[in-house]
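Below sits a lone chain in structure tokens, taken as the form predicted on its own.
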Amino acid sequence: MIWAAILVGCAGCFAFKWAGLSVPASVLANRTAQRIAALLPIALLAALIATQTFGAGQHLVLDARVAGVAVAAVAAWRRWPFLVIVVLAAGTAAVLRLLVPGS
């Protein structure tokens, strides 16, 4: 059963790769397609951050993660180094989880 799932997954990956290579160059040269392709990773990353920050299963949750992301956003806006941003966000979430029970 597991081998069947692996083979189906491989076939699906191959089909997506083949479909991408089959797109004509004129479509890829389109200015709108280039702008969408440039913005798509940003939108996907923002969606991932939102679901990991505010979601817990099927519920909306506001806990220490929200404060950590807020601190990280301010630090990124101030253009602080990435390592500082990560340490500040993790530290904020850790301190809030320590001080506020249930968060």
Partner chain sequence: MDSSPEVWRLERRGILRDSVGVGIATGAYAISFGALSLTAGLSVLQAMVLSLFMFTGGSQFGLIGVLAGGGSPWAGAATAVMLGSRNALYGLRLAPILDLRGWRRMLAAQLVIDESSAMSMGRSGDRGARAGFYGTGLAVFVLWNLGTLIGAVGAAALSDPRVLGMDAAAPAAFLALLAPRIRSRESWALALAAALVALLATPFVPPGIPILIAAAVGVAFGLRRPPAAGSGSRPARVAR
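Basically, rigid core = biggest C-alpha set you can superpose within 1.5 Å across the two forms. Model, not experiment: these values are computed from the prediction. Numbering follows the first chain given and starts at 1.
What comes next is about the form predicted in complex with the partner chain, which is not displayed.
Remark: Leu99 does not count among the residues lining the partner chain in the predicted bound form, judged by a heavy atom distance of 4.5 Å or less. For the stretch 72-87, the set of residues having any non-hydrogen atom within 4.5 angstroms of the partner chain in the predicted bound form comprises Ala72, Ala73, Ala76, Phe82, Leu83, Ile85, Val86, in sequence order. Once the cores line up, the CA of Arg79 ends up less than 2 angstroms apart between the shown form and the other one.
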